[in-house]
Structure formats: C-alpha cells, structure tokens
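Listed next as structure tokens is one chain, alone, in the form predicted on its own.
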Amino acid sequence: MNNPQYQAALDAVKTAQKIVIVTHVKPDGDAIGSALGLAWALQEMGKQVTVANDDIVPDYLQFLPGTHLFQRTLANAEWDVMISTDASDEPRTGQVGAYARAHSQTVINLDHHITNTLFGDIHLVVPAAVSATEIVFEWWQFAGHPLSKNTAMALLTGLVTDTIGFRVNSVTANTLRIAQVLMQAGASLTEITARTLDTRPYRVVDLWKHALPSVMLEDGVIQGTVQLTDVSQAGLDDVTDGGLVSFLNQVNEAMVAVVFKEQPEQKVEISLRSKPGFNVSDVAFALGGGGHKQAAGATVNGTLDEVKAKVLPLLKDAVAAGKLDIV
C-alpha cells in the first residue's frame, strides 16, 4: 500500500484516449476535489474524460470549476482507463462504478483509506495521505505535469475538507507544503475554507432544531439521532446530519461522536467522529463501512433501536481503548 504505482498509472493514462473517473457515492469535498483535479489535468493532456457519480454534487461544492462535468449515469460507452478515487471498495462507487469497471480495459485505484480492498489493476493507495487529493498532487508532481488554477482549486478543496481545515492529527509539515504549492498555483484558501467549512443553509439549522433534543452523552460517547420525519420537516430531500456529528465532537467531555440517521427500508446510516487518540475506523469497518481513525461511517440494517444497541457498545469500547492525544 505504501508504494504507489505512479509510473504504471502514468503510462496507462499516457497511452489512453478515453478515461472515465468515478468516486464514492454521497461524495464529499475530497471525492469531488480528487475527481475534478484528475479531470482537469487529464483534459489538459488532451484526453477525452468522463466524470460520473450516482449522486449530485453537493451545493456547498458547486463553486468549484467543472462540477457541470459530472454525469449521474453511464451507458453505451467504453474506456481505455477507469480511475476510481477516494473509494475504499468497489460497491462504494455505486452503479456508475460498476458500469465503468465492466467497460474499461484498465482500472486505477486511487485512495487513502487504510481499509482499501486493493481492487483494480494499478494501485495508488496511500493510507498515510490525509486526502485522496494529496495522492493526485503527488502523482502529478511525479509526472512533472504543471498545476492549473482549476486543478489546484479542486485539490486544495479535498485537502481542506478532509483535514477539517488542517485540524486532524494526520496533518504534517508536508500537508502544509502541498497547500502552499496549490495556493501558489492560484487556489484560494480563504474562499475554499469559507465555502466548505464555514457555511450551511438555514434548512440544516432547522434540521438541527429537531435533532438536538435527542443528544445524549454517556461514557465518553455523544450521540444524536436524525429521523426521517426530521428531514422532511426541515424541507430536505436527502437524509443528512448537516455536519451535526462534527459539532457534537467539539463537546469537551466527548471522545467519540455518532449520529444515527434513519433511512428507508429499516436501514440506519451512522456518521462517526473522534478526538485524536481514539479510533472509530475499526468500528465502522466491523459494521461493513470504512473511513479514517477520526472520521468514518457505515450503513447498518435494522431499526434505530436495534442499530443503537449494536453500535454504542462498540463505541464505548473504542473510548476505553483510546487515550486523548492532544499536545
């Protein structure tokens, strides 16, 4: 995993004419940023590029140049190379991922999750990277490809969002060096931070009004619940917590935060966050999900009560096994 096949990946895209890029469903800033960063750079190399995701680009990321390139379906096409970015396994890429894999000669797996299953033919999997966009950056530096402003904007967005504004303990001096290079290429740290971390629509605040009465703290685990009725009352189309889990993780006495989001057909999506020194990725992986030590998630079959009874003991064990690592 720690030896990315940059040359093999470069050779594959150099000889390719048609390339398709997919990323994980319910995309976040790193998913969209890494896909767009690749798309812009490959187009600048003269390649025919298709970008796809089952879901729409979130509103808060629509400011990025090129979001109009995303397609939600794929059909009647073949590609020389498929690049999967920021997805730890094949199902995470959804229907467009399944179609692209079946209709591409070579699959490049670009990801930074330690839970990556190493699918595909060429692996750019670097768990030590703080974001998938960091791997894209290192790949294009290896290739000697110049950074356009559009590429830099996309890559810095992934870097900022996956580190929550450079505030997780995986951030290193090299992370800040990369950010500096991207800023020198024209990316605005001020704009990206303001648009991705410091903004939310009123409907999300309305959702929080319904969800906050459910919040409880016990044994270092703080939990909240978003029910389907909360989502509809707030006028939202998709089940989300609107960043509530990150807000709860700021509570001093909480080492781990979880938000249970009720889904149709007796499924519950869980979002997990933790303080440095506490690992929630193992819990997510045990539940069929994945992510990072401090930010992870999964979708679990069952009612809210059934899923809570299964998940909360695991999170309390994670608290007991950890130690706060803030210097």
Ligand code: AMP
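Residue numbers run from 1 along the displayed sequence. Since we're looking at a predicted model, the values are computed, not measured.
Although it is not shown, the form predicted in complex with the named molecule is what the next lines describe.
- Annotated contacts: S271, H292 and A296 all touch the named molecule in the predicted complex [non-hydrogen atom within 4.5 angstroms].
- Only one of S104, T196, Q223, S88 comes within 4.5 Å of the named molecule in the predicted complex through a heavy atom, and that residue is S88.
- Across the options 36-44, 66-74, 297-305, 49-57, residues that bring heavy atoms within 4.5 Å of the named molecule in the predicted complex belong to 297-305.
- By the criterion of a heavy atom within 4.5 Å, H123 is excluded from the residues contacting the named molecule in the predicted complex.
- In the predicted complex, the named molecule lies within 4.5 angstroms of at least one heavy atom of each of the following residues of 92-126: R92, H113, in sequence order.
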